[in-house]
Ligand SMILES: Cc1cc2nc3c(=O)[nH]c(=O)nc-3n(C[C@H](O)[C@H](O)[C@H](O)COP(=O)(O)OP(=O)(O)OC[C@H]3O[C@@H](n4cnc5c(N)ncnc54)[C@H](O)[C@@H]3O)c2cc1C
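Consider the single chain below, provided in structure tokens and representing the form predicted on its own.
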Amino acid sequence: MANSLPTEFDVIVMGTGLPESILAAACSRSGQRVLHLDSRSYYGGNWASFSFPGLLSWLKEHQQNSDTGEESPAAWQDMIHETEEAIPLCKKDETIQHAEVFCYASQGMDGNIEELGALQKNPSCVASSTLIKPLDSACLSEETHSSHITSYEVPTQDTPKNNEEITDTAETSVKEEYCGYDTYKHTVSDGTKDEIKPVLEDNSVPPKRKRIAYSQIVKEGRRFNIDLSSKLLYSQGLLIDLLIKSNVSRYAEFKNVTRILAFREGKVEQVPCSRADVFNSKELTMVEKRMLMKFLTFCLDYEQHPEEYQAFTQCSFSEYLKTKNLTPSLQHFILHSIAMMSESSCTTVDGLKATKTFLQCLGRFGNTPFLFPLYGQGEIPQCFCRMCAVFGGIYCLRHKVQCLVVDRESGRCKAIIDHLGQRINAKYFIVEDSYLSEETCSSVQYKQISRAVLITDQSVLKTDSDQQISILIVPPVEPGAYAVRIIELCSSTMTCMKDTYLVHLTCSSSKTAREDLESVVKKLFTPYSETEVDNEELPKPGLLWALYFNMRDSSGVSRSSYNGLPPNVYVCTGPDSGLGSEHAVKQAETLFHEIFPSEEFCPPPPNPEDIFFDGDEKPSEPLGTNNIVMAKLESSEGSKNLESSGKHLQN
């Protein structure tokens, strides 16, 4: 029970994001007594994944978190001795801002579909600067879930914040209280509704796309796993290597990303990556294929030929590509879809390095360099939490920490005091950045990430298979703007229901998320209420539902920027805007070696046959080579390594 926790630990970790979870697992694996706390009701922090009802509850808590007053936790001032001082921690997480929700799908009931227009262009959603405090989708009661389904209203219709009554009529516009935001839907008032008419078979008329109502999304909401932070795993990256080395890989399953896409001249095209893809491509001429293969071969060992690029080290990568006798389309593919860099901010060396990384990751598990975890990115922190628990770590969710207790003489942190008034001692403390108070972070300059989550009815690039996992980089239109990264997930990733796609948009923020990303959404998607108009062509997928929000990016903050931190308190940052999770792994390993310099970081687990407890009789014969744990898994084994580590890679 949380109110009877032990009072002595070696390490206390606050926050269950990816770097904190890796650190907790590493500390527990090295024999330390670990207490892992989170004030939230779910694992992962800003790395978490939610079902659709869980995400709606996450949004609903935003308004409650900003409106409710401070709790009255157990007083901690009396527990501070004269030789000690306290560092209060933040009571509210303010890492999520400007959340806006839009629903474009029609709302069907009992088989009848009412045509509902898109939300107003200028919604009255109030931009908020406080955290959306989520509720764990797994912890939502069945009673709550059933209320979402049977009502067919917006799922958070129960107990609106302003106690407005919600009516559902076909003649009047419906104003619904949605997660604390005013959300508008307009019904057709002239009595024109979808009528079922006999359709004569005509091969010249393309078949109509399957209509999806909002009530279907709500009913199938448990099939969604929506990531707050959208990332992929490089097949030769640090995270994959750590998962295999530590055997944490046995707790998760992965699928290959199947396509790399490019957006050029208003069209979405598939980018050939491997040698086979290049020579099978119908988009490239034979001359372009030879040009591309020659340049990619050079990039694999560009360090061996410095004379080829040293004169361009001060130039941008895009300028360097113009000197390599490449066509404009090849330059675009290499810059935006292989190196995945922007024209202005990428130097020649950075571009060559990124291209080499991309090429080195090809072929290990598939024809693209990337993997995606089934059920979403939120599975990865939970995998490391499982490892920590296996080796004795103690976990408490919904457990707030009021303050750090610091010894005045030594300046080191001695203990924490939780919301129950319990004092818990430890030697080392690892804190997620969002737990630190405004006073501690007063000198910190944070960046922001703009995020959008879309539910659509079709892929951005239709093919014979409807089970494609794609990544697309949309270059900026204006100089100095940021490229937008798009990851499109199909239902076989266990992140959305059948006949839909889950689309994540990410870029560095210059404005609010909606202002940064809405123009890209309009280029690629059509609001669902408009998809039956001009039905002859419909080149764009229909947009059913959208969420925009800004997330704090603390990845570039140095420790010296925080005020008054004791030397044995270590800070972990949240997700960055990069595609991979390399920063989180590097940070966890660096902090671990600072705390325990002589310990190995996440070593392979022992063979169960080699573990003997006190009182067990050891075998008289020496252990054979079959019982030796191999610490190094060669990448040349390909997918066999991942499977041998307990991973089930699905093609």
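Since this is a predicted model, take the numbers as computed values, not measurements. Residue numbers here begin at 1 and follow the sequence given.
Note that the form predicted together with the named molecule isn't included here; everything after this is about it.
Undergrad: So in the model of the complex, are V401, F429 and V431 all sitting within 4.5 Å of the named molecule, heavy atoms only?
TA: Not one of the three qualifies.
Undergrad: Which residue among S215, T95, S246, S577 has a heavy atom within 4.5 angstroms of the named molecule in the model of the complex?
TA: Of S215, T95, S246, S577, the residue with a heavy atom within 4.5 Å of the named molecule in the model of the complex is S577.
Undergrad: Which one of C361, V101, C299, L454 is close to the named molecule in the model of the complex, taking close to mean a heavy atom within 4.5 Å?
TA: Filtering the options by heavy-atom distance leaves C361.
Undergrad: Although the partner isn't part of this model, could you tell me whether A339 comes within 4.5 Å of the named molecule in the model of the complex, counting any heavy atom of the residue?
TA: Yes, A339 lies within 4.5 Å of the named molecule in the model of the complex.
Undergrad: In the model of the complex, does N550 have a heavy atom within 4.5 Å of the named molecule?
TA: Flag for N550 set to no.
Undergrad: Might K586 be said to contact the named molecule in the model of the complex, defining contact as any heavy atom within 4.5 Å?
TA: Contact with the named molecule, yes.
Undergrad: Is Y482 close enough to the named molecule in the model of the complex to count, meaning some heavy atom within 4.5 Å?
TA: Yes - in the model of the complex, heavy atoms of Y482 and the named molecule come within 4.5 Å of each other.
Undergrad: Of 325 to 333, 387 to 395, 299 to 307, 366 to 374, which is the one stretch near the named molecule in the model of the complex, taking non-hydrogen atoms within 4.5 angstroms as near?
TA: This holds for exactly one stretch, 366 to 374.
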